[in-house]
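Next up: a single chain in structure tokens, the form predicted on its own.
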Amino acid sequence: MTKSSRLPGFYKLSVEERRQLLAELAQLSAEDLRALAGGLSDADADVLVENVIGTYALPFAIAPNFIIDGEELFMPLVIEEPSVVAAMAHAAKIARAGGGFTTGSTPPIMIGQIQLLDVPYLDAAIVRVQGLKRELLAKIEHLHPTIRKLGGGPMDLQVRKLEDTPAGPMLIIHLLMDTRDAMGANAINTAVETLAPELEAITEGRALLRILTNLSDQRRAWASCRIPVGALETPELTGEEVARGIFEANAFALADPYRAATHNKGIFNGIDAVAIATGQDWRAIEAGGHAWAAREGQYRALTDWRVENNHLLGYLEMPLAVGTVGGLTKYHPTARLALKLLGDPDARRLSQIMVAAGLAQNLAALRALVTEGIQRGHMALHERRLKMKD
């Protein structure tokens, strides 16, 4: 990889010229370039889903300028919406003035749920399950030897009581499992299905649902940036005015769910584009993110922006369950190429890169909203697309 992800004038090149330049900078092979031109074969598509009759292509782009934890990166993006790629690249360029993005993450712990109904004595059942926790976890350790060998596996059992539901009282068992570099859905689902009969016997209840939750709040990633306000200046507004506007716009989204829905959609413009490029389940990611945004009883913005000591500070934290082994990454050559462009990260690192992309896109959207308005750049690119079609 080149020492710098800055690519001035990249947008002026032809598609083929961009490919060749990227191949040189990122040391892409001829096979990698074929993946950019073709993507998923009919044979591989037929393995992934039922009743395949073809494949559907979307634009694969890169956003340059990213520095994440001191590492220069080209951000791979698959998206059809105009202006997102350019906006993200511009936001990453602005963030460079403060050293780029800093990220972190928790261990990759996923949660599986077992729903127990008709439990005669909820509190007594809770005590019994908690007392047999070690034995129950031992019963599923053998299920995923590769995950166990890599340091993962079942970690804990937690018990929740739902006393007031339309179907009556329920006991909900949470299995916490470290799934390492796998997203972990199959591993979790196998484990909770294995445990369910044991828990029925212990609680004298009836197990119904046995499945993972996409609110993976034990598996989170976060990103922050610290930008000198001078880097935000426009011909019409000072950097201080722009920074203050971003703070005020974010405050609106923290207080009002109508604004928060659109605010967070912009964040997912960035996260989803990387997720699709790298073969992730973006629907699961969105479900977890939106649930996290409403965790305090009101749907709110996922980001926090504030102005301190002549700097604009941004922060985004959310559940982010991703995988770099198995799933679509095994079958899709372009997903594998996207991971290669990111330096073949493990799952935790990929989640950190994705949340940085989300924070960058939010910065771009808020900056546009408080300065020129969202439509100027968006419609310019939209009109270019219409002219090309004509």
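In this text, residue numbers run from 1 along the sequence as written. What you see is a predicted model; the values in this text were computed from it and never measured.
One more form of this protein exists, namely the form predicted in complex with a small molecule; it is left out here, but the text below deals with it.
- The candidate stretches are 202 to 210, 257 to 265, 288 to 296, 182 to 190, and the one lying within 4.5 Å of the small molecule in the predicted bound form by heavy atoms is 257 to 265.
- The listed set E317, E81, E233, E72 contains one residue whose heavy atoms approach the small molecule in the predicted bound form to within 4.5 Å, identified as E81.
- The contact with the small molecule in the predicted bound form, taken as any heavy atom within 4.5 Å, belongs to N269 out of Q218, T103, N269, N250.
- Using a 4.5 angstroms limit between non-hydrogen atoms, A365 touches the small molecule in the predicted bound form.
- Looking at L369, you'd find a heavy atom of it within 4.5 angstroms of the small molecule in the predicted bound form.
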